[in-house]
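Quick heads-up: it's one chain on its own, the form predicted on its own, in structure tokens.
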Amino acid sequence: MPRVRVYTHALRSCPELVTSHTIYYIFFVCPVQTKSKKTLAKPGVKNIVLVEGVRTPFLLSGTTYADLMPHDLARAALQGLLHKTSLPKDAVDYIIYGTVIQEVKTSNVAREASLGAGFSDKIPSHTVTMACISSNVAMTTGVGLITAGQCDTIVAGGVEFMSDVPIRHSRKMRKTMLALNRAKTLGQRLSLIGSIRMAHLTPELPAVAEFSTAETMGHSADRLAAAFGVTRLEQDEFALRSHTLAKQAQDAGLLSDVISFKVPGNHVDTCAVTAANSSFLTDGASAVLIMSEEKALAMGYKPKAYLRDFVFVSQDPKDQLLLGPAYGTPKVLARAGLTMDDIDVFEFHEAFAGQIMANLKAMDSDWFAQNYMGRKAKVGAPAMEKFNLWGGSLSLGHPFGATGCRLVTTVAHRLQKEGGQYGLVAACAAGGQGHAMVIEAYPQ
């Protein structure tokens, strides 16, 4: 049975690489100087920077946020970003938000949240969706607008509110109600009302299964873990690692992106989210300020990081639903001209412990690389002393539409804290899709 060791302060020397028999919980790593690697700046291409990132506390659905609406959380994240950056409310060119399960009253939650947060009504806003990488899409859409010269200042973010999801009437009932609306005579209305049966009253809940395969994500994760030989013990150990590291990071004050949020009748402070009271169905919102480097410096900001190359990938939604990181990582490294050894900080979305372990094993398999990815050799698995050191979605929670911004902000903060130069974000998403991005530390 593997031995579990907990490292608290490793200020003078880093622990050895993780072996197959030992799991290291690292509080934070050696504060080394930024390595002198090449920059990823490209001639003639704008440098795009992350200026700041914030998020509300991520809370278990059905608890403190239960009486709110999605735009309330998104508005709080936007207001937190304004407060933290002192950004003039009319200085933003565009606002983009990601979400998965939309509230029908605020289908363009980006617009409603931005107006509620006090941004100028002259600022266009739109909402995107791509399952668990929706805020990743929001950020990369902003990057595209800046690269194209359409904008200089973008606010991107994401929100998910699972405490009050849309529950529809059955399709038979909906058809009847729509027909009632078109009926012209009392006889027609009475006839339609008389046609209603008990089966009409059965509600439709939002689907938890893949539309294309009718399989739940948890079932897919279980099959994926079995295919890669991930044991129950390995999954439990990784989950424990995530919770332990999140608690340590929180106690050390490293989760500085979390803002205080006053809920009527409650006060959710920055320390309210512990490693033990989050995840599964989660409510929360995030926001980041993205700018061209030139604009950021002109406004007096000190950026946190450069947003560099990124890719979106998709594969078989039946047997490879959650392998986005395994497919995305080598592609984004190739685009950036980097190798795994160049990356100082890894932040992968933890959908399930089994999913993470399966991705790591896929990345470390020559057979998988050759047979499924058309590569000559494996890309290699991340070194665990660089991987998700401040906890992850298993412990911090996962509001579907908001996690991407958390990942990117965490990479930027870890690069600053640890003195690294390159970070890599990767995430899977429903539909067999995924995202990966390289982030470069801003010179300190």
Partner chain sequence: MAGVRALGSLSTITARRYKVVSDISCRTFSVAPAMSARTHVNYEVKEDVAVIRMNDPTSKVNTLSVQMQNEMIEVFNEVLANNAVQSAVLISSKPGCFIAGADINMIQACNTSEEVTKLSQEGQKMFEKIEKSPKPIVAAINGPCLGGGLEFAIACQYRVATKSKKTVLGTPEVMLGLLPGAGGTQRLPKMVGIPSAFDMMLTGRNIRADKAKKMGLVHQLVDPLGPGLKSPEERTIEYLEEVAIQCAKGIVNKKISLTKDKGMMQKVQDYVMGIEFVRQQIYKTVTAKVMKMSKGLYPAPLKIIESVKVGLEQGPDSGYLAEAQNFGKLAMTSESNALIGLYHGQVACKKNRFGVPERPVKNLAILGAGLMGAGIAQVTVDKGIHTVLKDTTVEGLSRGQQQVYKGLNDKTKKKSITSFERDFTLASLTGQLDYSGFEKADMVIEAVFEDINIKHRVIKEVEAVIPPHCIFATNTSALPIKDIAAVSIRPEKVIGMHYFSPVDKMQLLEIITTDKTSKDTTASAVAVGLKQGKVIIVVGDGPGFYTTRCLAPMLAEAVRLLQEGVDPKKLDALTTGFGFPVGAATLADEVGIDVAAHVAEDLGKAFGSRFGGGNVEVLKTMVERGFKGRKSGKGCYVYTPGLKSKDVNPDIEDVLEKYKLTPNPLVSSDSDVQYRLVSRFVNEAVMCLQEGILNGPVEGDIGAVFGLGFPPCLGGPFRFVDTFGADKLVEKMRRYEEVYGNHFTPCELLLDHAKDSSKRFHK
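Positions refer to the first chain, counted from 1. Computed from a predicted model, the values in this text were never measured in an experiment.
Here the subject shifts to the form predicted in complex with its partner chain, a form of this protein not shown in this document.
- In short, of 76-84, 101-109, 363-371, 114-122 it is 363-371 that has heavy atoms within 4.5 Å of its partner chain in the predicted complex.
- When its partner chain is considered in the predicted complex, only one residue from F228, Y306, F352, Y94 comes within 4.5 Å through any heavy atom, namely F228.
- Distance criterion of 4.5 Å from any heavy atom to its partner chain in the predicted complex singles out H219 from the list R168, H219, R189, K247.
- When its partner chain is considered in the predicted complex, S292 lies well away from it, no heavy atom lying within 4.5 Å.
- The closest non-hydrogen atom of S314 lies beyond 4.5 Å of its partner chain in the predicted complex.
- The closest non-hydrogen atom of T176 lies beyond 4.5 Å of its partner chain in the predicted complex.
- With a 4.5 Å cutoff on heavy atoms, D319 counts as touching its partner chain in the predicted complex.
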